[in-house]
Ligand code: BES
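Quick heads-up: it's one chain on its own, the form predicted on its own, in structure tokens.
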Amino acid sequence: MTGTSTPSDATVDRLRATVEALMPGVRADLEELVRIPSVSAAAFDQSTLVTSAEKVAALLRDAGMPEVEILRASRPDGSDGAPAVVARRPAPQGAPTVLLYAHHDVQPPGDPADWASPAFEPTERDGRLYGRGTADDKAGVMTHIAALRALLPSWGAGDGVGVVVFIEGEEESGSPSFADFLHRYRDRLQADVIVVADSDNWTVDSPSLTTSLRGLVEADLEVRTLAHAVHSGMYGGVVPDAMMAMTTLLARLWDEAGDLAVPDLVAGHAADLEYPEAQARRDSGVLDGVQLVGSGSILSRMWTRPSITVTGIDAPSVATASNTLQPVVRAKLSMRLAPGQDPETAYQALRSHLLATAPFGAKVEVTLKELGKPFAGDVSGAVYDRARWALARAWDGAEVVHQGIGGSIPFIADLTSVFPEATVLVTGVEDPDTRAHGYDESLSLRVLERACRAEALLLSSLTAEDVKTDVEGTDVKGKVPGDR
């Protein structure tokens, strides 16, 4: 352990008992948050985000945070972003400041019929709490609040660390106002350590620090072959319809093994962790007999190599289809990028590939919708030592896994750009059974308590000496090879 000693066993035991006593209230408040359908997608009622932000602000005030504000920033189009909550406790003399991030908005729930219980009515089954946002990321919000409830009553004016809580309201919609928010409120958000509670754990019983995240390119693809729709019996077999051209073009994104066929993209190798195919199949729900795609190690395919998913197609539904050749079809593409990949370069490579491989002379348009930078964290230094210690103690001595995540949290690159000397820790309350963004999203209540305990231990252990050692020991935070 670098720096001064960690808290005593008596302090650890006291915090453990305190957090345990707080958990019924933490769960009740989490359930109230989940009942607020705070979907940030534009098609949904945006007033729910105001309700959600006001609830979070009230919880932070009740936890003892002396300064609490609901703030907005501007999106690139000039419109107001969703409401975010910022709470501050100034640092005592000589103490570091820790920024605690989470988000109070959620993904759309999808078809209610696909949920075993209503999406916005939290329901416990077998030790898991089901509902949209139970894990992603309202449990992250409550993890921060639980840690503050455990610590603030015992901290005098000169005790502990400075705390900034930043609860965003549009992460699930790409954080369009995030960059402006950071610059507009930089002084309020300034911190030495940033804890992003929006990630995964290796298993329920194996805590993780997320040390790499893939970047993101989202683009809309339009394929057009006809000036108007025509009868499929009259012209089928002669005229290439847009659906035929679109499916042919999409198939050319991958080779026969299922590896991405777009050239000149960065690819790396994941850490050598045991993750057998049977576990990948179980965690993802792959049906029996369906083969996995791609080559190389499974974790490399998931964490450090690029991939593309077709996340939507605009075309006639089966129920409303007529016997016509479609003149135009549109699709949405989501491309994940390996750590070390420049998103703009990757987009240009994707666009060039689509234009070059268009079949039958089809007219192809590619429209960029979103770019997100990948992240790779520096796992050395005293702050990471403290985080590993806190997670291990909270999980009763379990080994802490350094894992990558195939998903993207693009705003972390913005954080490291605005606060280049801050150490970023990516933690979370999810596990392989969480199904974040999917139907029957759920949270392990056991993981929630452990995560609350770990954050309380981390905040109680951080010292200015830890931060000073990290700043002196490395030039740039968040920059290591993409194989961690």
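Position 1 is the first residue in the sequence shown; the rest follow in order. Computed from a predicted structure; not experimentally measured.
Unshown form predicted together with this ligand; subsequent notes refer to it.
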item	value
D192: touches this ligand in the predicted complex, heavy atom cutoff 4.5 angstroms	no
This ligand contact at V161 in the predicted complex, heavy atom, 4.5 Å	no
is_contact(H103, this ligand) in the predicted complex, heavy atom dist at most 4.5 Å	yes
4.5 angstroms heavy atom contact with this ligand in the predicted complex for I409	yes
Heavy atom within 4.5 Å of this ligand in the predicted complex - the one residue of D385, D241, E172, D378 that qualifies	E172
Partner-contacting position among R61, R35, R446, H437 - heavy atom within 4.5 Å of this ligand in the predicted complex	H437
Interface segment, criterion being heavy atoms within 4.5 Å of this ligand in the predicted complex, picked from 111-119, 193-201, 345-353, 258-266	193-201
Partner contacts in the predicted complex for 122-151 (non-hydrogen atom within 4.5 angstroms of this ligand)	D136
